[in-house]
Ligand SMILES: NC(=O)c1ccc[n+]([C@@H]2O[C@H](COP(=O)([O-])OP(=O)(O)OC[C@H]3O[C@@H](n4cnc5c(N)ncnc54)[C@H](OP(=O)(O)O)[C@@H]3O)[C@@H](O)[C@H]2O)c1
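For reference, the chain that follows is the form predicted on its own, supplied as structure tokens.
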């Protein structure tokens, strides 16, 4: 295989973010799109100049001219259709969160191993040069020993028919946007939390519309985050160490032109964030994994730990008690 032939599993809006990097790569091509409505699939294929349209998801998975699937379906369908894609011999780039339970991730991992395919989570910010620069600064002890990580991701969700309002479909702010500061904290810590505590405010459908949580890592490192659907759009990340701190204004959706602020005492240094297409990195990562045999940057073990952390935080919010995580 010299090129990955991609299929889009649905006509979801987020497709617009991954189509340009697929088309812009010499090692990928956009080949087909599927919808449960053939008319809609054909209209979408015509609008976005996609060669083939499929009237069912099954039809897309059955095509021999498709090598990899992008899965942007609602959260509760991530595991099912990623597994079905793997069983059809297709590699899978699945939107976050990868699944809604650790058991589902384990099933996805088993399917990937059995059918010798790549399944990886589409956390685009982890591939961006800004994130890699932050990790480099931390490795160089630019702010000393890590003490505290603080993150936030909120926006106002005003569409009453949005799937994120449905509890059974993996709705709620922590699954949708809280997963970002949680995953970034784990990435920076290079470890898994040993204990979590969460608080939530719920909306009319029962999903969390505001969530605030804390993570405790071995050795004393702490993390705090908030997320929600009832505040204006805001993203932020602060990493505090013994000799300084790092602040990011756009930690989860950097495009270039933003800054990395390093503060030491009363002095602040601004480093322009390295530029890079936000979604290009995850496509290139899939190409390296599929075509070159490299391990994907986001392993299924890592995704499993992020899902487990979110599940524990939700359990804590419901019970009012801290939840300890099993270390595996």
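Nothing here was measured: the structure is a model prediction, and the numbers come from that model. Numbering follows the first chain given and starts at 1.
In what follows, reference is made to the form predicted in complex with the named molecule, a form of this protein that is not presented.
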Next item on the list: Name the stretch, out of 243-251, 73-81, 184-192, 127-135, where some heavy atom lies within 4.5 Å of the named molecule in the predicted bound form.
Entry: 73-81
Check: Quick one: is residue 263 in contact with the named molecule in the predicted bound form, heavy atoms, 4.5 Å cut-off?
Finding: no
Item checked: Contact test in the predicted bound form: residue 11 vs the named molecule, heavy atoms, 4.5 Å -> yes
Check: Is the gap between residue 237 and the named molecule in the predicted bound form 4.5 Å or less for some heavy atom pair?
Finding: no
Notebook entry, point to check: With a 4.5 Å heavy atom cut-off, would you call residue 28 a contact of the named molecule in the predicted bound form?
Noted result: no
Check: Using a 4.5 Å cut on heavy atoms, which of 223, 105, 196, 122 is close to the named molecule in the predicted bound form?
Finding: 122
Next item on the list: Enumerate the residues of 180-214 that have a non-hydrogen atom within 4.5 Å of the named molecule in the predicted bound form, in sequence order, or give none.
Entry: 180
